[in-house]
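Shown below, as structure tokens, is a lone chain in the form predicted on its own; questions about how it binds or moves come after it.
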């Protein structure tokens, strides 16, 4: 048996808020998401309680859901309770874990003044890689960005957030590896200098994930918060295409440093990329830049061919006032290295079909780091450095 939204909602009718009215009747329940035996609840209660009252109310919610779940034969229930204000900013959150799982941090109300959403412990910067449509090479860009950052001696993680079409098992060569969990936490794969996690190693590779939005939401949150990332300088998240549940969940639950938009040169891809850009901007996520993927084709003879109209994404970026991070060509070596799960080969001219692909990738990674530094200065989060020579 698995949890259902109706079960969780039914349980919350037995929990009174600060106003003495149960949470469902008072309209305090913003939304509920469930996946297997895990549930997430977002609450907006009035009057706003203090830290101890938040904790007490969250405990009451967890107890009520656990009791109701047992009646339906569901055990080892885990409940994430988030309290938000009228603007949607996170005031406090806590998770009541299933048996054997360590508790997730709590965020007190006073922290809301410093952060719109919760951040991952030990992770300095979270960078989302998104696109308005599928087929533009978003996962290819995300993988090579992560590998390029790791080559710069930055502690780098890569999360495959494309719940419905995970590509990392193939692109990172994870086929023979088994996913390991320790003390309720997923242990990321360490490959090509990158810590990586993908739902593709948790499900049957040939079985389609026919999930509604709340299930995908719950799966994404588990991959994000239940992974033992350790200390990371950068965490790159490969998002599914479009403007659906996963990008929205990520923007609301993580403190993002910014997003990278991937687009191919042709007009139809630009139209969808603009929509993705507007979504991130509406959610208050800074756009670190645009990458033009498949900008041109490099033949085995070294000649270049503008198959899709080279420069279209750069023009789009200029029109929207966004940084242009660079153009990535496509060649036979890029395809072979991706299929073989050997992304490091894309940075070596001898295995990348010449100098063009490695130079393009290094340029994109370098420009991304520059834009990230500028974003930190704009937000006031940059720390001064003392250099002694």
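Numbering follows the first chain given and starts at 1. Remember, predicted model here, so these are calculated numbers, not experimental data.
The form predicted together with ligand ADP exists for this protein as well; it is not shown, and the discussion that follows is about that form.
S.K.: Considering 200, 247, 137, 265, which brings a non-hydrogen atom within 4.5 Å of ligand ADP in the model of the complex?
M.R.: Exactly one residue meets the criterion: 137.
S.K.: Pick from 171, 145, 261, 159: which residue has any heavy atom within 4.5 angstroms of ligand ADP in the model of the complex?
M.R.: In short, 171.
S.K.: Could you tell me if all three of 167, 328 and 339 have a heavy atom no more than 4.5 Å from ligand ADP in the model of the complex?
M.R.: Looking in the model of the complex, the three residues 167, 328 and 339 all sit within 4.5 Å of ligand ADP (heavy atoms).
S.K.: Any chance residue 334 has a heavy atom within 4.5 Å of ligand ADP in the model of the complex?
M.R.: Contact with ligand ADP, yes.
S.K.: Classify residue 84 as contacting or not contacting ligand ADP in the model of the complex by the rule of any non-hydrogen atom within 4.5 angstroms, answering yes or no.
M.R.: No, no contact at 4.5 Å.
S.K.: Evaluate residue 127 for contact with ligand ADP in the model of the complex, applying a 4.5 angstroms cut-off between non-hydrogen atoms, and reply yes or no.
M.R.: No, residue 127 sits far enough from ligand ADP in the model of the complex that none of its heavy atoms falls within 4.5 Å.
S.K.: Would residue 78 sit within 4.5 Å of ligand ADP in the model of the complex, counting heavy atoms only?
M.R.: No, residue 78 stays farther than 4.5 Å from ligand ADP in the model of the complex.
S.K.: Looking at heavy atoms inside 4.5 Å, which stretch does ligand ADP contact in the model of the complex, given the options 128 to 136, 185 to 193, 146 to 154, 312 to 320?
M.R.: Comparing against ligand ADP in the model of the complex, the contact stretch is 128 to 136.
S.K.: Check each residue of 290 to 305 against ligand ADP in the model of the complex and list those with a heavy atom within 4.5 Å, in sequence order.
M.R.: Contacts from 290 to 305: 293, 294.
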